[in-house]
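Only one chain is given next, in structure tokens, and it is the form predicted on its own.
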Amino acid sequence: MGYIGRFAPSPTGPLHFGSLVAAVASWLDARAAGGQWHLRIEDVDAPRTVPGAEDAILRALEALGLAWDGPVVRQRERTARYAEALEGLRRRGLAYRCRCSRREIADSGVRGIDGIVYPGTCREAAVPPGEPAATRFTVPADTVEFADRVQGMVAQRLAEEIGDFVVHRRDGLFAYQLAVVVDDAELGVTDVVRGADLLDSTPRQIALQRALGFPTPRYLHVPVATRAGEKLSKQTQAPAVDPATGAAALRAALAFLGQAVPPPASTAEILAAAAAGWDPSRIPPVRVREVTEGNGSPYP
């Protein structure tokens, strides 16, 4: 199988520099390998979707020359596939309904690496179908390990550090962890390149892949861009990438990723040179990295 990669932004705002770093890294990794690069809009969490954000992201990627292969995939159109996967977990006895409120979990659990560890209160409760409830995945007892191409070896004992996690929410929406696993498997993704803010989610996704009989791709997590100690995001009012200065933004992203930065040129020329010289071993092996003038900051 050849290389198949993807970029999967959430339409919660326009493309900012932090998102651009992940997009550039995944695009270059795919193109340097002679592979495919697909685009997926991760809008499974409908209440967080911002009107117009998807179009803004697509326009920005096009203006920057980050062309994708095939049609755009939208999670909101794929709920039937997530339901099939959820039913598969239930048939295997690997998912159960949970009536616990957030307050109850907070009162009875201990803090793990991503919030409160769910204590398994409803694992044997047999919550009836008519009662409002979320659905949780029964995590394995053993350690989940994988080798990240930048961050190195990662190991997690899900039962102790995460607990049984939600795959279908009480409000009827499918959880990100399940959706992304189903989407990547159906597309045949061989390599996932994304921000290190998702590094701790990866063992959960690998556990789901194994439970559903899906292959596990390779992973490469790039540093998350921060400014004044805060992750660049819509919540921190990170400005949108301006296509009018797209060439400069691409050069800044390459500098942030530790890559050789081509001289000023068109976006097409910069991307071609960057793909020819792409070297993941030069990416700083850290989870977060402050955006500064020294690493090509696009900010004044």
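Everything numeric in this text was worked out from a predicted model, so none of it was measured. Quick note: we count residues from 1 along the sequence shown, nothing fancier.
In what follows, reference is made to the form predicted together with ligand GLU, a form of this protein that is not presented.
Ligand GLU is not drawn, but in the model of the complex it has a heavy atom within 4.5 Å of Val180. Contact annotation for Ile4: none of its heavy atoms lies within 4.5 Å of ligand GLU in the model of the complex. Although the partner is absent from this view, Ile105 stays clear of ligand GLU in the model of the complex, with no non-hydrogen atom inside 4.5 angstroms. Not displayed here, ligand GLU is approached by Glu42 to within 4.5 Å at the level of heavy atoms in the model of the complex. Of the listed positions (Ile116, Leu212, Ala83, Leu198), a single one reaches within 4.5 angstroms of ligand GLU by any non-hydrogen atom in the model of the complex, namely Leu198.
Residues with any non-hydrogen atom within 4.5 angstroms of ligand GLU in the model of the complex fall in just one of 190-198, 94-102, 107-115, 132-140: 190-198. Contact annotation for 3-26: residues with any non-hydrogen atom within 4.5 angstroms of ligand GLU in the model of the complex are Arg6, Ala8, Pro9, Ser10, listed in sequence order.
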